[in-house]
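Below sits a lone chain in structure tokens, taken as the form predicted alone.
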Amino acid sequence: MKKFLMILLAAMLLLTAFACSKSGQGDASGSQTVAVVVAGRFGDRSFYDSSKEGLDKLVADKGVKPITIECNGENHDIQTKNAAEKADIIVLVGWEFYNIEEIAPDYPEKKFIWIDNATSAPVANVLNITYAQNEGSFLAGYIAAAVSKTGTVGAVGGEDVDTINDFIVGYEQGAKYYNDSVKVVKNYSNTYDDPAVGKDCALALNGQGADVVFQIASACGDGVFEAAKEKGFYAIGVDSDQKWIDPEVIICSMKKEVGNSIYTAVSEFLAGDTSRLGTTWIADMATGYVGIGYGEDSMTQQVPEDVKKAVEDLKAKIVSGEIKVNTTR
């Protein structure tokens, strides 16, 4: 009897070990290193910091080993290769990593995620994630026009490129949807990390009559918020819900869930699902990755409830395809 029990116990241990081995193949979280490489630098309380939040959540929930790299606007190729030498999954945050098409094939065993742009053709080990920021910006433009007292609203873009202009065309369309007579003015900071330049840009737009200014310039947005507070106009945040930064000035934010999309994509890889590799995932309003944030309910709410209700109705029309939002892509 004892011999039978010992054989049975050994068999159970063998089955358990086999099951654990199979499970490990499907969820290699603890043994995987994930690198987040940003084109600029962290601390913008927006686009780049949102990507870091996604990585932090992966560390907390999945036990991955984290690496963060800041390019500070240069050496994108070198830093991509540095990350590929160290990490299993490399997340490139920013449109500037366009040479991934040539770099990724040199690291076929690694998985890459490119945030905010897409390769010209599928690359086997690259997942592109782009966002329907034009859809969320349509709603931001509608809100800006509804809240404006002067009939002029503005936008500060980081630079004159398709990604930034995708926000602006949606913003302008939304403002015009509210009232076709609304004037939309814009300018570009041509940098993403100098709040002083962002402030000058916002002041220039306010000088043209804009009493609501949408910031689409990463850390330059801090300067937009400062100008709004100083001159008594309103601002709209971007990428993350930024209202907490100054609830009296920031009326809402156009949210682009960068961190959540990174978390979702990496989690799929860790679970053994690589079906998205070689594709472009458009994270849009229908899937919940693009929308509007108004901060906490306890914060000052400048956007009237009837406008918020109208925004929800517009969101449904965009998701259904009844409203087609302009895009630069």
Partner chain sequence: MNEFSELLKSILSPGTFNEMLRRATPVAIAALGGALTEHAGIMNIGMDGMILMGAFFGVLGSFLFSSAWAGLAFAILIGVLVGLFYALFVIKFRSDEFIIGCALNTFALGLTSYMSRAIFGTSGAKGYPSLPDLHLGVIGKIPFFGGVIDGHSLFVYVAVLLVVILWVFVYKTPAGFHLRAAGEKPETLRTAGLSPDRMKWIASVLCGVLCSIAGAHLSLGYLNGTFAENMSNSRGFVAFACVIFGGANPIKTYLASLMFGFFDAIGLRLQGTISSDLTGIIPYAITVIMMVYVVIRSNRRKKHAQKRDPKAAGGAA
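Just so it is clear, the structure is predicted and the values come from calculations on it, not from any experiment. Residue numbers count along the first chain shown, from 1.
Beyond what is shown, the protein has a form predicted together with its partner chain; the following relates to that form.
Student: Name the stretch: of 222-230, 77-85, 110-118, 134-142, exactly one has residues whose heavy atoms fall within 4.5 Å of its partner chain in the predicted bound form.
Tutor: Heavy atoms within 4.5 Å of its partner chain in the predicted bound form occur in 222-230.
Student: Would you check whether its partner chain, in the predicted bound form, lies within 4.5 angstroms of a non-hydrogen atom from each of 41, 45 and 196?
Tutor: Yes, the whole trio is in contact, each within 4.5 Å by some heavy atom.
Student: Considering non-hydrogen atoms and a 4.5 Å limit, which listed residue (212, 93, 258, 201) is close to its partner chain in the predicted bound form?
Tutor: In short, 201.
Student: Which residue among 106, 248, 180, 160 has a heavy atom within 4.5 angstroms of its partner chain in the predicted bound form?
Tutor: Contact check passes for 160.
Student: Under a 4.5 Å heavy atom criterion, is residue 188 part of the interface with its partner chain in the predicted bound form?
Tutor: Residue 188: contacts its partner chain in the predicted bound form.
Student: I'd like to check something about residue 70: if you look in the predicted bound form, is any of its heavy atoms closer than or equal to 4.5 Å to a heavy atom of its partner chain?
Tutor: Residue 70: yes, in contact with its partner chain in the predicted bound form.
Student: Applying a 4.5 Å heavy atom distance criterion, does residue 49 contact its partner chain in the predicted bound form?
Tutor: Yes, residue 49 sits close enough to its partner chain in the predicted bound form that at least one of its heavy atoms falls within 4.5 Å.
Student: Does anything in 129-146 come within 4.5 Å of its partner chain in the predicted bound form by heavy atoms, and if so which residues, in order?
Tutor: Not one residue comes within 4.5 Å of the partner.
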